[in-house]
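Single chain ahead, by itself, as structure tokens, in the form predicted on its own.
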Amino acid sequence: MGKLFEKFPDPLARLIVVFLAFLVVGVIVVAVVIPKQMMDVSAQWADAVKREEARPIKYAGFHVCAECHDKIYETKKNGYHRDLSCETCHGPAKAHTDDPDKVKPVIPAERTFCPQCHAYNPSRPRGFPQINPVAHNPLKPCASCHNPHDPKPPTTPKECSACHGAIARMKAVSHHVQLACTTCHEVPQRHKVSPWSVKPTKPQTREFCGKCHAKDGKDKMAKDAPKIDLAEHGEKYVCWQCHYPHSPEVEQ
């Protein structure tokens, strides 16, 4: 190697020679050492397809359920669980469709099943039905009150806390504890039955809070409420950018 480099005294020429040597070695490795199957993408795809096809089929797909359970299928299709596959709750059903009398689907009757989706979790979307499993009809199976294929409330909730428990608990220890939710929100009756389709109103202006908290507020029932100069306090910001409406503590 030393004699070879003597023929190329220029450092750049030596670098080029080394690079070419590595290139040649690389070509030889690719051509001789690496198996052709590893470089053939179509062969890899074919192997992957064979491997997946060899796996036993466990799921039947929810459309198959309609062949025997047409009434339940129609109820679910137009209900609140329409976006759930039947096998989400009943488990893999391929064996059941092959031999319905011998293999029965799972029927989740335990109270712990539904709270996997419906127990209160602040990270879930607003409006998603959530409950406190400890306080909400304790010990009773969910299906004793709700049709699992279209789980509408058996009765229209009379209070907001039925669905908005976290907000109700916060408001209960705040300065707004004496205020009914409808003081600030107009709640259509349909919201209680279909909360996603119809939303309650929310105050959008500074003047709304000013009805109670402005120095010249016109609400006589709020005479003991903290007063501010609406023209100067908070400048252009709406009140709830600094004060959380359900617990509007004031920082001094």
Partner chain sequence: MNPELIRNLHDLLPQIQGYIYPNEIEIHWGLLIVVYPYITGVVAGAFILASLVKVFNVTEVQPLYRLSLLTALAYLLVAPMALVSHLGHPGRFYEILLTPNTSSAMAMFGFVYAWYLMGVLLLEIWFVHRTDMIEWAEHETGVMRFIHRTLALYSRDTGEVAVSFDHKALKVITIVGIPSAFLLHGYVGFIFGSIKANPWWSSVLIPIVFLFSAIVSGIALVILLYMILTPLTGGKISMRCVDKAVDFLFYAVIVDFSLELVDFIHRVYQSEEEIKILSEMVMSKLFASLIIIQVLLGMLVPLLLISLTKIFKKRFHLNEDLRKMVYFVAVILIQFGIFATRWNVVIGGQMFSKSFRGLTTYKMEFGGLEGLLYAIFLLALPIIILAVLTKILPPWKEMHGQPASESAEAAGS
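These numbers come from a predicted model, not from an experiment. Residue numbers count along the first chain shown, from 1. In this text, the rigid core denotes the largest set of C-alpha atoms whose superposition between the two forms falls within 1.5 Å.
Another form, the form predicted in complex with the partner chain, is not on view; read the next lines as being about it.
The closest non-hydrogen atom of residue 243 lies beyond 4.5 Å of the partner chain in the predicted complex. In the predicted complex, the partner chain lies farther than 4.5 Å from every heavy atom of residue 237. In the predicted complex, the partner chain sits within 4.5 Å of a heavy atom belonging to residue 14.
Put simply, residue 68 is far from the partner chain in the predicted complex: not one heavy atom of it is within 4.5 Å.
Comment: the partner chain is not present in this chain, but in the predicted complex one of 46, 28, 39, 57 has a heavy atom within 4.5 Å of it, namely 39. Contact here is defined as any heavy atom lying within 4.5 Å of the partner chain in the predicted complex, and by that definition each of 10, 18 and 123 is a contact residue. Stretch 28-36 is the answer when you ask which of 28-36, 59-67, 183-191, 202-210 has residues with heavy atoms within 4.5 Å of the partner chain in the predicted complex. Looking at 78-93, no residue comes within 4.5 Å of the partner chain in the predicted complex, counting any heavy atom. After superposing the rigid core, the C-alpha of residue 57 moves by less than 2 Å between the shown form and the other one. Relative to the superposed core, residue 68 undergoes a Cα shift smaller than 2 Å between the shown form and the other one.
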